[in-house]
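What follows is a single chain, given as structure tokens, in the form predicted on its own.
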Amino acid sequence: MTITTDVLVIGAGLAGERTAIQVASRGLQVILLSLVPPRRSHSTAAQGGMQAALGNMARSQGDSPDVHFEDTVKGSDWGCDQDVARRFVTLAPVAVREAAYWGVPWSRVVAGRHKLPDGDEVEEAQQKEGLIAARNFGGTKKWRACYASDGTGHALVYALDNEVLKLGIQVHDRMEAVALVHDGQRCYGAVARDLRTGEVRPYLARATVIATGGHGRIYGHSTNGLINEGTGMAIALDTGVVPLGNMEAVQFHPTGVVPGDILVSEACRGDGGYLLDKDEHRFMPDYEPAKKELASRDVVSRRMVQHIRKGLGVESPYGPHLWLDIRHVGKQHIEANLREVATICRDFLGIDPVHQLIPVRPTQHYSMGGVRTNSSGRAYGLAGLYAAGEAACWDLHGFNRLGGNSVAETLVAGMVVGKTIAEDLWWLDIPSSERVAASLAQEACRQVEERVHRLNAGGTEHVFDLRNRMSNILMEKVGIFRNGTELAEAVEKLTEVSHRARRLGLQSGGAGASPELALALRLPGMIRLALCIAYGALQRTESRGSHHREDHPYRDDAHWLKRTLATWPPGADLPALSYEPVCITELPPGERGYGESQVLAGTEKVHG
């Protein structure tokens, strides 16, 4: 049975739902396609906050979209598009107030004198009482992260999902998009597989949005939910014409717990937490005396690994780690503002952070890369295709994302992309293409069913073995620190895994709700994403943001002030890479303001 709609949104997290709300409010029919019910999306895991320059706190005074813009560009290591960053910082305050209108219980300013964990005192103005509060986050000059305790994502998802229900937007959950329907020029929808029954079903739409989140689980050790395997990016890459942008830009978050890799929020450090080594020495001021624990995430992660390499990590059965200390923040503050962190520690680690140290180390967290779009959210390569949120390379984040900018991006990008779609569809009418679209959908379904048949026919390679092999290669050779030798080895080994994946076979019957079959359909695309990351990193002979080459330790603006675009030609072993210039409108390249910053300008090395 073919299902038709005006707009098909693949992914029902914050970016997907916000896009759907914007489109549906213009009177268009929308279907949300989701692996899980929306309230189980990975967006609910966002803890710390959403960046928006409101200026309500004593430590926020003087904040503005201009300051937010500067922080974002410097945080990106001049890898972002500045026209996108300007649009984003202007709309973020609108988005956070709109969320309040929809019922998000933002934490609010409490007037009076307050003592901070570092011993300082602040006076919150009486006239600001009850306004939306903010907390400190890494890489920002001002307190800007609006928050709902440390359950910000949870609060936002529930509020947006209520709006989805009010607008009557259809949600088809437990469905996975496995291919896009296209003719090489226009996208007409997607083919989806019912995860409960195994049925393959075509969805035809005048506009299709990829909002499937990140690819973290291709790394294995990740703070991402198990559903974050880069599906949306992979099916876009499989078209052969849609490029992925900056896939080598992969962020590691400083504080994944050990063991388990579950994220404990940057809010812990923003609210005054310290990083300690095996001797319980607070080491970050030794490396970053100005920003300390609140340098940007890429910097803090590198400093932590450097410190562990010196033999100052805490040995454990799960490998060396460091400590996160929030004991001095106090029980009252932890229970009020870091309660999800406390719950994670108690339930998963068996420790109480009110009295005990939290074992942490850097863990894969976020993809700055994704489906390349223009500033309005239209994907490169295929008309009728759009992308939003972490699945997209809009490009707001460049080579490093500031904490809290991703949650804000989901809402702002949803506003922008939804408006673009409504405007595009206002004049676009393609009834003459319906017969063509139906034929393309039928062929796409046939190809998916053929893939399923081949897997059931039996092959010599097992899906879980190859997935573990891929993840181990990425973790060992394409991590926080990179070098040409290991990246070349990663490309070679991943290419071998890709070839082996052509011989996948199922050990189970593969009928109905088969996790093995679902992963077998997904895995070749995941491996191609891994190759885009490794090959792009090998070619980029500089260090920028999260991409740190030990054999090329300086940022090289003369040669690399540009974005990587990766497409996958049919039958190719490696992606085809091309490059486009970064859009610089206001802030010319310079120092980021962190102590480790190093820029190669011509033949001169300029140290921060």
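This structure is a prediction, so every number in the text was calculated from the model and none was measured. Numbering starts at 1 and follows the sequence shown.
Form predicted together with a small molecule: not shown, discussed below.
**Q** Which is the contacting stretch out of 222 to 230, 483 to 491, 501 to 509, 268 to 276, given heavy atoms within 4.5 Å of the small molecule in the predicted bound form?
**A** One stretch meets the cut-off, namely 222 to 230.
**Q** Please tell me which of Met175, Leu294, Ile132, Ile527 lies within 4.5 Å of the small molecule in the predicted bound form, judged by heavy atoms.
**A** Exactly one residue meets the criterion: Met175.
**Q** Would you mind picking the one in Val407, Val89, Ile421, Ala520 that has a heavy atom within 4.5 Å of the small molecule in the predicted bound form?
**A** By the 4.5 Å heavy-atom cutoff, the listed residue in contact is Val407.
**Q** So, Ser41 and the small molecule: in the predicted bound form, are they within 4.5 Å at any heavy atom pair?
**A** Close contact exists here: in the predicted bound form, Ser41 approaches the small molecule to within 4.5 Å, heavy atoms only.
**Q** Can you check whether Pro254 is within 4.5 Å of the small molecule in the predicted bound form, heavy atom basis?
**A** Pro254: no contact with the small molecule in the predicted bound form.
**Q** With heavy atoms only and a cut-off of 4.5 Å, decide whether Ala20 touches the small molecule in the predicted bound form.
**A** Outside the cut-off, so no.
**Q** Heavy atom to heavy atom, is Ile31 within 4.5 Å of the small molecule in the predicted bound form?
**A** Residue-level check for Ile31: no, no contact with the small molecule.
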